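A single chain, nothing else alongside it, follows as structure tokens in the form predicted on its own.
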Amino acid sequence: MRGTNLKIALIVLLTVGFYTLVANVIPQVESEVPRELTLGPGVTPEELVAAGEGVYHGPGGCEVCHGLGTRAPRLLTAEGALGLIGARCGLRVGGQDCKAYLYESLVKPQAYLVAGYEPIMPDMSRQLSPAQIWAVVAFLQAQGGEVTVTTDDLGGALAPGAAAGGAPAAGAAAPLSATMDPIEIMRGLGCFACHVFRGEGGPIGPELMKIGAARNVEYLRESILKPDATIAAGFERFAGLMPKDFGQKMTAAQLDTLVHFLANQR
């Protein structure tokens, strides 16, 4: 009897040890999926710029294309002799000042294309709120230029009665969210900057509407955690663009929810 009990205890310990190892391998870091950006009536240019920086590096997914300078113009470094984006934005389209040009570039990206680049940018109003868009405009203006975005531009995007200092940047500095809604997880991670889903997003990566018909759970999980492991046919020119830190931006439960949601899109 004693020998049997020892065997059972050993099996239990090995089982617990195995699942503990598995749990440590799966990402467990708290989610950085951002909440809605809230700007108070007294928001300052500095707060707008800080909020816009969070959106740019976070849910906007702007770095995916604009950080390389090969598929879209560089925005945070000089481009040729034209200088930073805040200095050159007012020179792109005749009769359009910097603020108008940047705003149109975000919500009507096909209206004007910089020579040498493809029309791959999506309408950002489909994934960003008006407050987020104007915050990004302010952030880009600040790169070598003057910030002219005001509360008049924000208009209905302002939260009545919100404190002037209460403008959390949507990005790494934003309060953490525990959302388990796969659509919100994708929006928060900026997936729609490159992937089309239900008419939302851009054509840089594979469309997600029927991704589950061709890809299983294991493939999808690896594609999220190790995006360069396998490049989908036809998208080789975009290799290296997908962020490699999604495993640190979701809890294991969020990752599992997202993977199974995509696997069921058929």
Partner chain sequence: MPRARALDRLVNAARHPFGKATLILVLCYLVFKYGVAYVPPLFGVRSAPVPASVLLQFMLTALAGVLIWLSEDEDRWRSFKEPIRAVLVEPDKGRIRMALLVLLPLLVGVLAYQQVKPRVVAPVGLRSIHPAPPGQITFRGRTMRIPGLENPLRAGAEGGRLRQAYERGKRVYVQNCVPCHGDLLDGFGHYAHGFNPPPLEFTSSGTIAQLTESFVFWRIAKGGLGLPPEGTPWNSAMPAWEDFLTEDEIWAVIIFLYEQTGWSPRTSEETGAAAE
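Superpose the two forms; the largest set of C-alphas matching within 1.5 Å is the rigid core. Since this is a predicted model, take the numbers as computed values, not measurements. Residue numbers count along the first chain shown, from 1.
In what follows, reference is made to the form predicted in complex with the partner chain, a form of this protein that is not presented.
- A single residue from the set 182, 73, 130, 90 has any heavy atom within 4.5 angstroms of the partner chain in the predicted bound form; that residue is 182.
- Checked against the partner chain in the predicted bound form, the candidates 198, 226, 210, 237 yield a single residue with a heavy atom inside 4.5 Å, and that residue is 198.
- In the predicted bound form, the partner chain sits beyond 4.5 Å of every heavy atom of residue 154.
- The partner chain in the predicted bound form comes within 4.5 Å of a heavy atom belonging to residue 78.
- Contact check for residue 104: no non-hydrogen atom falls within 4.5 Å of the partner chain in the predicted bound form.
- Among heavy atoms of residue 257, some come within 4.5 Å of the partner chain in the predicted bound form.
- Along 125-148, residues 142, 145, 146, 147 each place a heavy atom within 4.5 Å of the partner chain in the predicted bound form.
- Relative to the superposed rigid core, residue 221 undergoes a CA displacement of at least 2 Å between this form and the one not shown.
- Compared with the form shown, the residue 256-residue 125 C-alpha separation increases in the predicted bound form, the change being 3 Å or greater.
- Relative to the shown form, the CA atoms of residue 129 and residue 209 are pushed 3 Å or more farther apart in the predicted bound form.
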